[in-house]
Ligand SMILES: Cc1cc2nc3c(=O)[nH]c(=O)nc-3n(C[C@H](O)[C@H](O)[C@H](O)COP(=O)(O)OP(=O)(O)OC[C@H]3O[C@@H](n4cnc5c(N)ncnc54)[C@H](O)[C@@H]3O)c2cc1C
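Only one chain is shown below, in structure tokens, and it's the form predicted alone.
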Amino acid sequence: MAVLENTILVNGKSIEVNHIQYDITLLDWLRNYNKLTGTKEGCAEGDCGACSVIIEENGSGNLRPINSCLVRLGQVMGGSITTIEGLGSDKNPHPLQIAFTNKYASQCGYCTPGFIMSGVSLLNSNKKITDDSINDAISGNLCRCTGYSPIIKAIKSAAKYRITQNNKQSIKKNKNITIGNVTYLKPSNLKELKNYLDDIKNFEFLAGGTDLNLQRPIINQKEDKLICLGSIVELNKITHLKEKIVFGGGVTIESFLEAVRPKMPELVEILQRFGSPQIRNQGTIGGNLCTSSPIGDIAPILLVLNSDLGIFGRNGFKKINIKNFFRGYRKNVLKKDEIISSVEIPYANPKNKLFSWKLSKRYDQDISTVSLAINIQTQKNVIKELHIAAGGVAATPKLLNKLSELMVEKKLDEAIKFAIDNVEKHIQPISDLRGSRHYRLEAIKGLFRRLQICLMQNKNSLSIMDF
């Protein structure tokens, strides 16, 4: 049965979206318009996980957790949402809700719905239920009173249970949705996107929205047109080739992580630490690069792998190397009508080793203070090839070409000493709330020492916690 275009399926029930005066978040709509108050507001910034819900898009059966505080209502129109009320009730609780009670995994209870939604998402996935997978699943959920040990025990005890959503209703796709003063335009392919670009002058692109939705005001004083990129089929493709992987610019960080896991396991940890599953399921590769943050976790990796970016706009396609993408603090080469349509990531030379490290105040769910990526080849303890890139040390993510060139053909210990003694000539960190200039310099020096230890011990350091 087909239902109306301005409908969202919530806990298997069709809810028509009417009389919304302003462009609001999914969280506010659930709580204020539908009285589904089990979904909580904590930080309203995607850090605490109290607002976690499960979304299933396009009848895929892929149930993924997202932060409802970071998603605007227009983005999820036509989607299927499950809240804590849709899992179970006091008369018929979900097995994980029972497990939380039996394992004493809840005290004040404010954070509990978010933890259960994250736990159910994991239980419904194809992942093995281990300490590592549970820790990752709940890395975006904060508990202030119970502590994580009973929560982990509760999820483990419910490992045999799954939930399914058999929504036989279908929703007619609406490519023009207006909520308040905001119109959401949803092209399904690049041809439709070009038609919008030819016809509309004032607009803004919206991918996952984990950054942009924090900046946009709830009440818009003028009409906004947002071109949503999430439904464009070409932007969601992942193509595995012999020498590289090609990602559409709209591929989520979570899908990026799973795609590189078999061939570039060195990247897994830093991608997991990019953000919680809720953030990784919403944020995109292209969106992360387009923010042009000087501390972007992905950019240093792409720089040392000499990645290419596909650009699409009103005038068609072009390709540039990522080293030519950044232009200054929060600035890049894209014109207003251009997006990143693809990211081509070559595999590292089999003779090379790839390292990627991130230092932050918290291990999980935190922005980098500094990050470092290294693509290196050594022969008989002599550096033969080297590419170094760093984040958090300049106005843009920086490829340290000159320093790399000066280290090549030096013995490892000599090259590391040279890098430590001369790194200040090649990076210009500043002092801010995340760390002082001195700390950032010393941190980079420490990462060079870490590189030396890894190579001397012939060790692939996949975790910053190894040291």
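Don't overthink the numbering: it's just position in the shown sequence, from 1. Since this is a predicted model, take the numbers as computed values, not measurements.
The same protein also exists as the form predicted together with this ligand; that form is not shown, yet it is the one meant from here on.
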item	value
Selected contact from W357, F274, Y184, F256, since only one has a non-hydrogen atom within 4.5 angstroms of this ligand in the predicted complex	F274
Answer option from L302, A207, L96, V393, heavy atom within 4.5 Å of this ligand in the predicted complex	A207
L26, G74 and T82 all contacting this ligand in the predicted complex, non-hydrogen atom within 4.5 Å	no
Any non-hydrogen atom of E385 within 4.5 angstroms of this ligand in the predicted complex	no
Touches this ligand in the predicted complex: N288 (any heavy atom, 4.5 Å)	yes
This ligand contact in the predicted complex: S121, any heavy atom under 4.5 Å	no
L212, heavy atom within 4.5 angstroms of this ligand in the predicted complex	yes
Stretch in contact in the predicted complex with this ligand, which is absent here, among 315 to 323, 278 to 286, 129 to 137, 261 to 269 (heavy atoms within 4.5 Å)	278 to 286
Within 4.5 Å of this ligand in the predicted complex: residues from 14 to 46 (heavy atom criterion)	E45, G46
